[in-house]
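We begin with a single chain expressed as structure tokens, specifically the form predicted on its own.
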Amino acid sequence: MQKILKEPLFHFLLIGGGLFFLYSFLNPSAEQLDNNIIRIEESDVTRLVKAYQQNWNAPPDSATLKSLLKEEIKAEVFYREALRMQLDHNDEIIRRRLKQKYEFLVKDLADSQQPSAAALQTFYEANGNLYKERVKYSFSQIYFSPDKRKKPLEDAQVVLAQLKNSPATTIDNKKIGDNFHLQNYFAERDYNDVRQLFGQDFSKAVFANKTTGWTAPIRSGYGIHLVNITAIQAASVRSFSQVKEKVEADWKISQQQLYNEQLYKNLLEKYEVEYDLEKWGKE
């Protein structure tokens, strides 16, 4: 008995029981939740079965299903007791999650709306920037490695002078430069594509050229490159027929934002908001 009294677990249970008793004593009128009945509906079982199938690609057997139900009941018991103790109060994570769930209700409403063809056309015309094709460059590159050369920049400049006096059809990029872990030719890449591959400085240098042809040596995080711009595709706006599905998706997102703003405005009218920023030197 004395050994049990010294166990940390016993102390934890004793303190926990005391807290529950104290809370019940101080809050005799705490709201009762659903008269302590836990009812597992068929929809709950279906949800558990589906979740198990998604994780294991097979339905649960009888024993597994009973185990899943046991965990579901345990979660519900702890959830209800946590609510009785108001453990959800002043919890930022719970506040954020409930806010999201409330907004999801509005999202479902927006998703259920079916816009007319005229509404989509109007939205498309008012938001043309969303459907622009960016400027795209096609180019080849010859790599000069600082690990394999003492003076990669000078070597690149020498090769560039030779290339400008040679027919393009006689140039074999792979034989001229050093091995590179990426390909030598890149077709129709926009600024962000190139930046992700070579870095911002390289991308800026390439897109600063407005004509095709060989550029001066360009530095990247990998080393030195000679770049031959073979084609420049100008920016353009995709036609409505090309982006109709995206227009509809964007329209629904905009409607959701409108619904959220209007709902918040209406709900805020029910509250009186008080705060004082004088302590922080702000009005």
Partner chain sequence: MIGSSDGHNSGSSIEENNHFGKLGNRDATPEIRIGKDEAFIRVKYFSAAGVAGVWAKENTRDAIYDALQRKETFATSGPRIKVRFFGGYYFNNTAMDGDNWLTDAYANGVTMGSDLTAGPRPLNSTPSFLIHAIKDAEGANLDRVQVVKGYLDGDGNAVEKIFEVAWAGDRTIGTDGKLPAIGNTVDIKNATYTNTIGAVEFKTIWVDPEFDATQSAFYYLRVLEIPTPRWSTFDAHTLGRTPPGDVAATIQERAWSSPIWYSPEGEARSETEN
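Residue numbers count along the first chain shown, from 1. Everything numeric in this text was worked out from a predicted model, so none of it was measured.
A second form of this protein, the form predicted in complex with its partner chain, is not displayed here; the remarks below concern that form.
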Exactly one of Asn165, Thr211, Asn179, Asn129 comes within 4.5 Å of its partner chain in the predicted complex through a heavy atom, and that residue is Asn179
Please identify the residue among Gln113, Gln86, Thr122, Gln200 with any heavy atom within 4.5 Å of its partner chain in the predicted complex. Gln200
Among the candidate stretches 72-80, 86-94, 131-139, 179-187, which one is within 4.5 Å of its partner chain in the predicted complex when only heavy atoms are counted? 179-187
Using a 4.5 Å heavy atom cut-off, state whether Trp251 contacts its partner chain in the predicted complex. no
So, in the predicted complex, is Tyr222 in contact with its partner chain at a 4.5 angstroms heavy atom limit? yes
Taking heavy atoms and a 4.5 Å cut-off, does Arg195 contact its partner chain in the predicted complex? yes
Contact check, 127-152 vs its partner chain in the predicted complex, heavy atom within 4.5 Å, ordered by sequence, gives Tyr143, Pro146, Asp147
